[in-house]
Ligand SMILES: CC(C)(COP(=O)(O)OP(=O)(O)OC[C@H]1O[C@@H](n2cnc3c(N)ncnc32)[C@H](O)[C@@H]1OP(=O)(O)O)[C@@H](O)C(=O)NCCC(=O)NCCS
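Okay, so here's just one chain, in structure tokens, the form predicted alone.
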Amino acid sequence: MIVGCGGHGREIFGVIAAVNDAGDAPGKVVGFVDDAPSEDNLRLLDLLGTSWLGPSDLLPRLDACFVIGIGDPRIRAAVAARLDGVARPAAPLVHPAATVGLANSLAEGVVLFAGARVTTNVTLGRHVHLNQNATIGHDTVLGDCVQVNPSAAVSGSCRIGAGALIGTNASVLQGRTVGAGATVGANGCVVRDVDPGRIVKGVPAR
């Protein structure tokens, strides 16, 4: 079951299809749940050959694992909190074109999209999403519900707090900390620690 039928959720549907094609099937997608799907998103689900089943409060009554297909880390965290203890565990998903090195820890609900790279001794918290071609260096820790957008690069020995968002093509240099709930804008370069909840952008990111 995929929670959220917007673009991010539909991309995750593609990740599941790729995993199935590779012969390491996580199981059939039963469908999507979403509290307020748009007419356009419902039309796009039809094009994928799948369907909307109803609002998210259906999930605890369905015999299916789930993945949260919501790109906004704050909303993802809120959905995860609602489903904790009342639904089956969230499924981790790793696209066959992603690379996961040795001695890494991937918690439930992690999604690695095509081209994502996780090197070694990395810890990914619950419901972390690494988008296309994102890279995570050695000994880095990502808290729950972190979102790393396409082609972003997080260097080694970094700490990314829960619910933080690393924007497209952004980079976090070696040993830096990005606090919980912070946002690094697209193309930003983090050269010093970012306080929790702050929004930074630019080169260097301020």
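Note that the structure is predicted; figures quoted are calculated from it, not measured. Residue numbers here begin at 1 and follow the sequence given.
Separately, the form predicted in complex with this ligand exists; it is not shown, and the next lines address it.
Q: Quick one: does residue 150 come within 4.5 Å of this ligand in the model of the complex, counting heavy atoms only?
A: Judged by the heavy-atom cut-off of 4.5 Å, residue 150 is in contact with this ligand in the model of the complex.
Q: Do residue 202 and this ligand come within 4.5 Å of each other in the model of the complex, heavy atoms counted?
A: The answer is yes: residue 202 has a heavy atom within 4.5 Å of this ligand.
Q: I'd like to check something about residue 186: if you look in the model of the complex, is any of its heavy atoms closer than or equal to 4.5 Å to a heavy atom of this ligand?
A: Contact check for residue 186: yes, within 4.5 Å of this ligand in the model of the complex.
Q: Is there a heavy atom of residue 143 lying 4.5 Å or less from a heavy atom of this ligand in the model of the complex?
A: So residue 143 does not count as contacting this ligand.
Q: Given that this ligand is left out here, which of 161, 69, 137, 167 has a heavy atom within 4.5 Å of it in the model of the complex?
A: Of the candidates 161, 69, 137, 167, 167 is the one lying within 4.5 Å of this ligand in the model of the complex.
Q: Could you tell me which stretch in 177 to 185, 153 to 161, 39 to 47, 56 to 64 has residues with non-hydrogen atoms within 4.5 Å of this ligand in the model of the complex?
A: Of the stretches listed, the one contacting the partner is 177 to 185.
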